[in-house]
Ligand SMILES: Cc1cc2nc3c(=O)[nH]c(=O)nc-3n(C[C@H](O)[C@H](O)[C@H](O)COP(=O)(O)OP(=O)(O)OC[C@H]3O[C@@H](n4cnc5c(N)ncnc54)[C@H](O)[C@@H]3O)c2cc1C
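There is one chain below, alone, in structure tokens, taken in the form predicted alone.
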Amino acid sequence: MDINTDYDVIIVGSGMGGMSAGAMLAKDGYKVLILEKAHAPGGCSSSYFRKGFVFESGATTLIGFNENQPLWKLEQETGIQIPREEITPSMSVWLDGEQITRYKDREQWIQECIRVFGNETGQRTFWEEAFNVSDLVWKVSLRNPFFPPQKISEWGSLAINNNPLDVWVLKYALKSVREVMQEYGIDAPKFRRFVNEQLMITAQSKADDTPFLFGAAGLTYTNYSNFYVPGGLLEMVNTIRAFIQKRGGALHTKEGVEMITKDKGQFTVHTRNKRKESFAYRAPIVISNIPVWNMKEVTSGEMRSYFQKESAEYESAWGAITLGIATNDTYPEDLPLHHQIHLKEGKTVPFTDSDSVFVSMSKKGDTLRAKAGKRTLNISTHADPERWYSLNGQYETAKQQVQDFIVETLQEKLPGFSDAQIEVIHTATPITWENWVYRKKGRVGGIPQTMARSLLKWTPSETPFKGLYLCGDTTYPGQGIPGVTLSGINVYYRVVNS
């Protein structure tokens, strides 16, 4: 078999971590090859076409373009302009029959919390502290690309790059969100339910178990600019793809990596495409954008042992149930595009432990995603992958029950949905997700940001094998489009400074 040596860097997986690393390296003249097993690039930040409609991979929001945030940095460094339109308000939360509007304006949001939850003094001081922590976390994260530190020099750079006056924020790495809520006297049952579900979609864990250092950013993400990409998130990915290709790089879809080996300072990446044809590529640098759980399956020897050890501690992680629904447009003109719908207290989605569902809608008039007069909806809810892999003969029945339950929930709680005619509907489980984006056990939310996982215990982006790097939602700083974008930017700095 011929071995292709045309590229300086090989990136495994085309999620936003890999795409961001690829773009940053391409602008510096590196010739980049990105390999993607799925039929479309983007991983969990992508779109797909079905029966005349374009759906997102899952219900999601898009932030990260404000100053000191990762997508802002990506555009500043590369000159890429991701197509987008700002949306405001970014989201509605439906709790106990009441609409809570997630206003971007901070004072307006505080007033909304006071209206819904009472305790003016407690709510104001809590949210003001959350804003302070979140703003600082974004700023500090962007100026510390070598975090978590792995060398003595990187520990030294932490002291040089950071203002000693900012050290106050570190106490919140050791305090849970709920502890901070208790300090401000706002740990009431209704507010706790609200906070828990907000944290589940941003940190993958609840108030008892999420450090306020991460929780503050998760709770306040709607207070930054939120955006919509006309045509779907795939348009964002394709914009970055075009930038890389213009600089001599390439992105191959439907070509999965089967093995990564190293010999004499060079990596050989063995692949197979959908036609069962085999290929091999050699380069001195490999960046993996696939989950750490998957890496033990495409490596051998010492590399395999390393990834077995790295992933063993985090074998428990969330998967998702997702629905794609297309309907005629019967929705109120002023209805936001994103909705978190709480279930009645004590009720969960069947075959999950999820207390809420999250809905993202296509924008009215976006004829790239739906014909005029039509809309698409993506719905997501958390699910334990292990449970779905143990259903055996009950699988199809369970899948239908979940679909029916979520449709009934939307009919009851999402304005306009009860009048809509469903034209297309399909449901995906963790098993579907593993077959679709090839993530082990269909785990799609990264590793939960819990109190047990200290800042220094994150899987590092630089491995012990010179030239092999990691990015994506199972490395620092974790999940979400801004988080994985930052992970890709961090890898870029490690590569160019190696």
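Residue indices: 1-based, along the sequence shown. Quantities reported herein were computed from a predicted structural model and do not represent experimental measurements.
Absent from the display: the form predicted in complex with the named molecule. The rest refers to it.
Undergrad: Looking at 391-399, 118-126, 349-357, 253-261, which one sits within 4.5 Å of the named molecule in the predicted bound form if you count heavy atoms only?
TA: Answer to the contact question: 253-261.
Undergrad: Check whether Ile489 has any heavy atom within 4.5 Å of a heavy atom of the named molecule in the predicted bound form, and answer yes or no.
TA: No, no contact at 4.5 Å.
Undergrad: Val484 near the named molecule in the predicted bound form, any heavy atom under 4.5 Å?
TA: Residue-level check for Val484: yes, a contact with the named molecule.
Undergrad: Flag Gly22 as yes or no: does it have a non-hydrogen atom within 4.5 angstroms of any non-hydrogen atom of the named molecule in the predicted bound form?
TA: The answer is no: Gly22 has no heavy atom within 4.5 Å of the named molecule.
Undergrad: Does the 4.5 Å heavy atom contact test between Phe65 and the named molecule in the predicted bound form come out positive?
TA: Although the named molecule is absent here, Phe65 would stay clear of it in the predicted bound form, with no heavy atoms inside 4.5 Å.
Undergrad: Are Ile10, Val32 and Ser461 jointly within 4.5 Å of the named molecule in the predicted bound form, each by at least one heavy atom?
TA: No: none of Ile10, Val32 and Ser461 comes within 4.5 Å of the named molecule in the predicted bound form.
Undergrad: Please identify the residue among Ser205, Ser90, Ser380, Ser362 with any heavy atom within 4.5 Å of the named molecule in the predicted bound form.
TA: Contact residue from the list: Ser380.
Undergrad: Which of these residues, Val54, Ala26, Val437, Leu468, gets a heavy atom within 4.5 Å of the named molecule in the predicted bound form?
TA: Checked against the cut-off, the match is Val437.
Undergrad: Which residues in 27-57 have a heavy atom within 4.5 Å of the named molecule in the predicted bound form?
TA: The stretch touches the partner through Leu35, Glu36, Lys37, Ala38, Gly42, Gly43, Cys44, Ser45.
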